[in-house]
Every structure is written in structure tokens, then in C-alpha cells.
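Take a look at this one chain, the form predicted on its own, written out in C-alpha cells.
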């Protein structure tokens, strides 16, 4: 424990900017993964334990596309769309068969595919660590805000994640498709009775969740090492985010992700040996005070 270092950081504008930026980066990546997780749970009532694998595939798809084309925009697009297609196939071929089944059965199916997907990555890209590298457009001097160092790529990452949050929130709240999705989450039987194909809705929601996780992986590829199994740690932290924010709440996923990101960033200064434990401690405190999470709703 090093409270002096933490206090010194709070007293230094440069340190505050640097650590806050790092926390926002962690939080925004977690949000993109967690919001897909919470969206799938909210509509399909399935805890997608394999969700971290889509983050992993998004990173590898983006790296491969960047190596082939040299375009980071195409790399992000391939990472997001590729995982959306993979998510749709996975949902239609496998997950749709365990809807309504015991939760343990759903978890076993998901965990089996976590292992399968990790082995697929090893066979295609190899078991060693990979690095995509920073795109040439962002290999520029960093920005200095109040003395703090802010790489330009971090601003892009934060901007893309915030844009995704706004589009997703407005899409679900204002569009006809969004209203149908929310209706399917509350009463799928009634939606089906109205002649709407709920299977199509479920597949689309799962694909959207995969797209968001893949986008997170694509955005993380330039600043993170790529390795088989890289999605598991992100998955655990995403579950913490959804529990803190409230299962099924998009706003809760955003707030929870930002809180976890800041806890990790500043916790690494004051509690360098207990950073992971701080996340769980905060989750426990939230659940004791509000068992449904910050923005979760009581079951009817």
C-alpha cells in the first residue's frame, strides 16, 4: 500500500490527467464488451460466458486485416463485422438450442466454446504473443493537457466508445427496431403473437453483442498484446461491470465500466498489489447497498 503516491497524484494535475485518461481507456473498452453482455442477457436471458472470445476474435481479425490492407479503418470494420457474423452463426447454430434450458447447461455450452475458440486461435495465428502495432496515422507526438501526457489514439478510442454508447442508447429508445427489442426483452410471447420473428430478433441482438465486443478488441489491438485466451480476463471484468451497473442496464454498464477503469488506474498507484481485489471489494459494497446494481431493476 502506497497512499503517499496516491495523494501525490491527486495533488498533481499532470498525474491526474494521465491516470484519468488511462482509467477512461480501460473503462471504455470494458463498456463495449460489457454492454454487449448485458444486452444479450437483457433480451435473451442468457449469461454468455463465451463473450470474451468475441473480443479476442475482434482483435485478431483487426490485426490480420491491418496487415493485409494497411488501413486501420478497414481493420476496425473487419474486427467488428467479423465478430458480428461469428456471433450470429454461434447463436443460430448452438445457443438457440439451449434457450430455456438449465443455467448450468448454458454455462457448459459457453465454456466449451471458450476452450474451442482459444484452440482455433492457436491453430490459425499460433500460440505466441502477437502485436498489431500503432497505426501510422497515430504515430505522432502526444498531447499535453495540464502537463499530463495523452496519446492521440486514446482520444479516438474514447470517442468511438462514446459514439457507440450514444447510438446504442438512442437506437433502443427511439427507433422501431429498438422498441421491438425492448418489447421482446419484457414479453417475448406477446411479440411472437404479433407475428414478429423473435428468432430473428435474438440472432440480431447476439450479433450486435458480438459486434460491440469485436469493436472493443479491434480498438484494443494497437495498445494490447494479442494472445489466445486474452478474452477471459476481459470477460471477468465485464461481469463485474454488469453486476455493478445492473444486469440489463446500458447506462449501468457505462457508469460501472468507468468506475472500474478509474479504480484500476488510481488503485495501481495506492494499492499496487491489490488492484484486482479493489474491483471485487467495490462490487461487494455496491451489492450490499443495492443488490440489483446501481441501475438494475427489481424483478417483477
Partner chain sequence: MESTRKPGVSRRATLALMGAGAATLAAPWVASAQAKTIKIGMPTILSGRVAQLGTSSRNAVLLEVEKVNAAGGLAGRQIEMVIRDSKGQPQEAARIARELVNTDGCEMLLDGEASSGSFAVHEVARDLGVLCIHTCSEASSLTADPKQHIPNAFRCVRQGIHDSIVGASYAASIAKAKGLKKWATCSPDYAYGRDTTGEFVLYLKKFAPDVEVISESWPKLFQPDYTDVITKILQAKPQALYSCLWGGDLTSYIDQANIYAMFTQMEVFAVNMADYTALTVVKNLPKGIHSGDRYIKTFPPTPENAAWGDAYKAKYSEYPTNWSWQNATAVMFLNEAVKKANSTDGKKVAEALTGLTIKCPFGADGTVTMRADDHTLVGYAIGWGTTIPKEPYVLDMKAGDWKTIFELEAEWKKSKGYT
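Owing to the predicted nature of the structure, the values given are computational and were not obtained by experimental measurement. Numbering follows the first chain given and starts at 1.
From this point on, the text means the form predicted in complex with the partner chain, which you will not see here.
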Exactly one stretch in 147-155, 84-92, 204-212, 160-168 has heavy atoms within 4.5 Å of the partner chain in the model of the complex; which is it? 147-155
The partner chain contact at residue 125 in the model of the complex, heavy atom, 4.5 Å: no
The partner chain contact at residue 99 in the model of the complex, heavy atom, 4.5 Å: no
Can residue 132 be called a contact residue for the partner chain in the model of the complex at 4.5 Å between heavy atoms? yes
Taking heavy atoms and a 4.5 Å cut-off, does residue 265 contact the partner chain in the model of the complex? yes
The partner chain in the model of the complex: within 4.5 Å of a heavy atom of each of 40, 43 and 50? no
Taking the partner chain as it sits in the model of the complex, which residues of 21-38 have a non-hydrogen atom within 4.5 Å of it? Please list them. 22, 25, 26
